[in-house]
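Next up is one chain by itself, shown in structure tokens, the form predicted on its own.
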């Protein structure tokens, strides 16, 4: 059983909603990324989505684009991503890490080399935003023997035919995009999201996580009420961006920047699953 499946099963058994923060590897630097990951676990994160910095993150809004730019300016690339995960694993062998990003850097490295290095580093999942499920067969053939879950996005505009294929080939969890647009936009119709998530449940037994637009306790609670967990990205990356304005990397300052996650964890745990 993969770390992701075990983690979510344990959360569900405890009546607990999964909390999945997203940060960019190398933002603002390698060592701080590792420290942020450990702090997020202390704050109550169940799974960490680690962004692979890319120069053209087309599905991301300005905040995550700036995070990627900060990382790239510091020389971050796939080597940084693997190194961050490997260093994190030296102290934490249980928290699942999902690598999230775009297809271009992975194709340049080559699927076999990428999957091998991701597995050796200790990554548990892979989400490539612009990889259609119809083109994922060769990647899945490499990830499945290494117990790396491949996660796909389901958007409000995803067709029924494509949803069926995604449900067939996904593992770990489904990532439901709560809105039409890029990361950082606001959620506008909770009722519509609830209906679409209910439709997904009729097609798969995979856990369903909701992301995009979750930025505070209220939005997290609203989305957790209709799903198995929530993903928090832009609001956290925006706070991490403030670390670039100081030379200090003290633990107390890092904890201050991730306090949003601790607050959401407390809010989620205060409500019955």
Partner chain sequence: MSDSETAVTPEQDMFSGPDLAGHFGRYGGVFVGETLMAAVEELDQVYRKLSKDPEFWQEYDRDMKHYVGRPSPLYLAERLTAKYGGAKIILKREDLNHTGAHKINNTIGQALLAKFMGKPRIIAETGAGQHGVASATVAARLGLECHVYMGADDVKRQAANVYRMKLLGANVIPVTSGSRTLKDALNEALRDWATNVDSTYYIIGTVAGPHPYPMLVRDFQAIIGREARAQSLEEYGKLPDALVACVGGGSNAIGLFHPFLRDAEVAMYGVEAGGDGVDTGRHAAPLSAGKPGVLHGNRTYVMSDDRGQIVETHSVSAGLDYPGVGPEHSWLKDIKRVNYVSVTDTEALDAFRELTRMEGIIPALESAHAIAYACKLAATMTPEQTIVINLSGRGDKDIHTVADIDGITI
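Remember, predicted model here, so these are calculated numbers, not experimental data. Positions refer to the first chain, counted from 1.
What comes next is about the form predicted in complex with the partner chain, which is not displayed.
Contact annotation for the candidate site: 33, 119 and 122 all lie away from the partner chain in the predicted complex (no heavy atom within 4.5 Å). Checked against the partner chain in the predicted complex, the candidates 190, 86, 203, 104 yield a single residue with a heavy atom inside 4.5 Å, and that residue is 104. With the partner omitted from this view, the residue of 194, 140, 131, 164 that lies near the partner chain in the predicted complex is 131 [heavy atom within 4.5 Å]. Contact with the partner chain, judged by heavy atoms within 4.5 Å in the predicted complex, is confined among 65-73, 25-33, 38-46, 216-224 to 65-73. In the predicted complex, the partner chain lies within 4.5 Å of some heavy atom of residue 159. None of the heavy atoms of residue 147 is located within 4.5 Å of the partner chain in the predicted complex. At least one heavy atom of residue 79 is located within 4.5 Å of the partner chain in the predicted complex. Among residues of the shown chain, residue 153 is one whose heavy atoms approach the partner chain to within 4.5 Å in the predicted complex.
Contacts between stretch 54-77 and the partner chain, counted in the predicted complex as any heavy atom lying within 4.5 Å, involve 54, 55, 56, 57, 58, 59, 60, 65, 69, 72, 75, 76, 77, listed in sequence order.
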